[in-house]
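In structure tokens, the next block holds one chain alone, the form predicted alone.
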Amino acid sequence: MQPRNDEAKHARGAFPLFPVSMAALGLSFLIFMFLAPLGTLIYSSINPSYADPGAFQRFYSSLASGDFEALLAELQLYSGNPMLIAFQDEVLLDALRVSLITSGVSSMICICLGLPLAYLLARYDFPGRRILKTLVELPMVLPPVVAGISLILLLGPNTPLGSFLRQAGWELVFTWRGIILAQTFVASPFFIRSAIASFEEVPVDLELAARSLGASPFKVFRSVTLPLSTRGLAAGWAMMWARAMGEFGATIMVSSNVPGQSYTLTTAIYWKFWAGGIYPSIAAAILLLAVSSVVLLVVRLLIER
């Protein structure tokens, strides 16, 4: 059956207004909200005068006044590539090491404890299940500063639990352990939420079939549920790790901010910005962007294999 002439003409020559409009809006959002800020950050590392337009004026003033010491200091500040400077800065290297270690430990805690919770919320129906899911997702919408205050009120040195742990030799808040607690608090909901969605997509019939063949619940979980939800779990881990790596608000409140001990890349960016302006913080920002991009890209490639 052939379509009418007017319908065929419409199908061939109609202007696809809706998809073009959606593409224009989506690409505009992508460019102005993601590519433009990140591109500006990378360009600032190549062209320091963009980040500090007053640099040329200070150069000229130093030359005109004959203050060659100030001129030399300015030249040393803007000489070299920020990435090379970052890999020569012991403070930034220590901050990178602390960030990688703490985010890795907090990720393992989220997986070991968050995976059973996600499976429970995805596979079993019980009173208060919706309330529990809401509580799990609550840290995603809370300001990180609130997370820091909550941890201090729970585990601070002047609280009942905090003083007990301190007497037992386990001082948590205002140490590097506080960073792990803060990262776990704010990042675990991203993994748990993704894990719940992944488990819910696994057909229950496959699990019941495995049980009917004599497999134990643990074997069903290990051989059926986990393999079928691997991609979702990996994506959730990537989101969780990235959130932990970039955590700042709660971290700066519960850590001692000692370089080399509890000084993360995000706090290094903050302190370098307030100590020396925008340019000294570019190196730390570029370093954090590079590490996060590499890890997320590797995870993406493994997921889509």
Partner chain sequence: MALRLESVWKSYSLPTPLAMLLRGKRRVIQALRDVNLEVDEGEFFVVLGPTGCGKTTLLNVIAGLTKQDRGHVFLDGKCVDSLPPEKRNISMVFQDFALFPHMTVLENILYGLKMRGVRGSEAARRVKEVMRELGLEGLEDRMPSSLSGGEKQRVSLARTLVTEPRVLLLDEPLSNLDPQTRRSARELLLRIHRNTGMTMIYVTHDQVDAHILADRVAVMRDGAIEQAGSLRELMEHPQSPFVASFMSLGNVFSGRIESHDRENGVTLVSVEGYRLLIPYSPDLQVGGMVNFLVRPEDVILAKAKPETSARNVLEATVVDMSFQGPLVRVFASIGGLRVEALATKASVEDMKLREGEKVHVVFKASSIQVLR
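Predicted, not measured: the structure shown is a model, and the values here were computed from it. Numbering follows the first chain given and starts at 1.
What follows is about the form predicted in complex with its partner chain, which we do not show.
In plain terms, the part of the chain that comes close to its partner chain in the predicted bound form, with a heavy atom within 4.5 Å, is 211-219 out of 211-219, 158-166, 105-113, 143-151. In the predicted bound form, none of the heavy atoms of residue 197 sits within 4.5 Å of a heavy atom of its partner chain. Put simply, residue 223 is close to its partner chain in the predicted bound form: some heavy atom of it is within 4.5 Å. Using a 4.5 angstroms limit between non-hydrogen atoms, residue 227 touches its partner chain in the predicted bound form. In the predicted bound form, its partner chain sits within 4.5 Å of a heavy atom belonging to residue 206.
In the predicted bound form, not one residue of 150-178 has a heavy atom within 4.5 Å of its partner chain.
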